[in-house]
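The chain below stands alone and is given in structure tokens; this is the form predicted alone.
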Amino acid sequence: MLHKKRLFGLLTILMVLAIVLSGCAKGKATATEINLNLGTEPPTADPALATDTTSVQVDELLFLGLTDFDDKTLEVIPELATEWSVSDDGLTWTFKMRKDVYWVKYEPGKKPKKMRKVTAHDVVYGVKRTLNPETASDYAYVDYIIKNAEKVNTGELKDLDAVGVRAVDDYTVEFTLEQAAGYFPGIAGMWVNRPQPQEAIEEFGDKWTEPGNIWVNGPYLLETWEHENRMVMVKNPYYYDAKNVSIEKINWAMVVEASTAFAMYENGELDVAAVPLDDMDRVKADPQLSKELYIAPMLCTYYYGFNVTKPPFDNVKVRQAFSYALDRQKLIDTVLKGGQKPAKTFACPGIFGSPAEDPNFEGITFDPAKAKQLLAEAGYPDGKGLPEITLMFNTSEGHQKIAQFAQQSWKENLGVEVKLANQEWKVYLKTITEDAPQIWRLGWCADYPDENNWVLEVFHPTKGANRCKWNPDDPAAKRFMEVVEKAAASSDPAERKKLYFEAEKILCVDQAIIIPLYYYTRVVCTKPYVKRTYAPLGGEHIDKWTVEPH
């Protein structure tokens, strides 16, 4: 949510909805099974390669991180690590690890097999593999805070051992940073830094994540992966906390259409489902469904990005015009209907340093007159002379409805015709990474609750994903880089907030590199017999859920 997830994004998956959930398998689940929906084929189950919320959800259940986040408080809590400490200068972080975690290999139809214990060496291998240029991890940039990580990942340094991570002993791992970062424990637990099984990876190569090949250490084993169809996970009997894992089997569907998934939910085939936009009013009015409905803010933002190298969006006034021409509140009131909030910043409320709720941050709000004026100033009065423009989104009924709203708004308020195009999620992620169209959609969900995870890791022209293709030699880009790098290095909260205010203003207003549309809410129905948590960061902790007899 890529994305995070996050890129949430889907950062970066279904729009109004929850990052996961609504499910599979025909027939009702038993008391120890649950039927959920991933919403699409996961692009990968490899922690080093995951960039989107679907893949992160899979990794969350199969692999442990050094740390995790408390679902209620957002506090960083131990997972694979038992404790951690930082040096006085803030540059060296030391994590002590559990000694009762095993790699487990499961060949379907056979008994799961303990391979060996998970050690600090596996963490070191995982971090270095993520940063190895040969791995081609699109999310490696989140580790650039680690000493020499950027130089190694970009090929400036050829020695992987130069990366600032080492095993002090079998159960102690140490990270050395480029600069102090109080938020590092959150980064240390991210999927790209989870221990990875070198033996399985070297034996099976790209196929190491397939059932029968994969080694895992989390609460669940991978039993089935029928690509583009379904996935089944079963409880890991050798998981250190297996006695507290109630749900023994997770049946995952990969139903893209929200309406289909919700029909399955109403038919008793799914236990959790996001609510489609067209059904929102009906669900709210239904005496039973309304009780099963849960709406709450999420640490995610839905946005449109521009490829600033492609005309006409190489012109800042055109980008600003398209942003001013969108009525975000009308989108929420007439299309989304899920209690979302209009976005004026990239980072949403609840993220440290975000000016989302700062009354002094004006942002770009709906102003069709100003939009028309800016378009005329750019040399395109009433849209005359514009080249063909395409808005692309990943295949989804919800994303399509939002795109149609934007298309109609730009036609009414600017006189501009915009074509719509869509691609399946996995293909779409590749497209917007390699050669993004003029306008494209994505969501971003927090990997850890700090602005650094948003402005620097997503839009920094050389250290971030930079899907907008922002030229680092552009004066505004240079200032943006200077500001976010200074904020990352500062330990003064007041200074960091001031710098992030400026960074968001450059990104969303002065240069309008993106159009922030709305801050997500989770809009999901859950069957009353499912007792669950709601993860504000990362994947859902289904190992902590229970299913009552029904």
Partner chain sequence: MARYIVRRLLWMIPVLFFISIVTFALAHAVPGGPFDREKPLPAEIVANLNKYYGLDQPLWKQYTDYIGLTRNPAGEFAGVLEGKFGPSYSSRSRTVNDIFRDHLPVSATLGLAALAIAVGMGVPLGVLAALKQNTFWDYLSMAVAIFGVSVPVIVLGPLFILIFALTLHWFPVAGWGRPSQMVMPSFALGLGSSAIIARLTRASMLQVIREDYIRTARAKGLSERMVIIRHALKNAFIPVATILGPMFAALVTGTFVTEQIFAIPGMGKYFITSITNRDYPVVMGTILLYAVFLVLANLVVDITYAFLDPRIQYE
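Computed from a predicted model, the values in this text were never measured in an experiment. Residue numbers count along the first chain shown, from 1.
There is another form of the same protein, the form predicted together with its partner chain; it is not shown, and what comes next is about it.
Proximity of residue 194 to its partner chain in the predicted complex, heavy atoms at 4.5 Å
Output for residue 194 is no: heavy atoms all beyond 4.5 Å of its partner chain.
Looking at the partner-bound form in the predicted complex, is residue 271 within 4.5 Å of its partner chain by any heavy atom?
Although its partner chain is absent here, residue 271 would stay clear of it in the predicted complex, with no heavy atoms inside 4.5 Å.
Evaluate residue 184 for contact with its partner chain in the predicted complex, applying a 4.5 angstroms cut-off between non-hydrogen atoms, and reply yes or no.
Although its partner chain is absent here, residue 184 would stay clear of it in the predicted complex, with no heavy atoms inside 4.5 Å.
Using 4.5 Å between non-hydrogen atoms, is residue 144 touching its partner chain in the predicted complex?
So residue 144 counts as contacting its partner chain.
Which of 509-517, 484-492, 58-66, 39-47 sits within 4.5 Å of its partner chain in the predicted complex, heavy atom basis
Within 4.5 Å of the partner lies stretch 39-47.
Between the options 426, 98, 235, 341, which residue brings a heavy atom to within 4.5 Å of its partner chain in the predicted complex?
Only one listed residue qualifies here, and that residue is 426.
Identify which of 114, 291, 207, 478 has a heavy atom within 4.5 Å of its partner chain in the predicted complex; exactly one of them does.
Flagged contact: 207.
Tell me whether 276, 298 and 527, taken together, all sit within 4.5 Å of its partner chain in the predicted complex, counting heavy atoms only.
No: no residue has a heavy atom within 4.5 Å of the partner.
Relative to its partner chain in the predicted complex, which residues of 335-364 have a heavy atom no more than 4.5 Å away?
Sequence-ordered list is empty.
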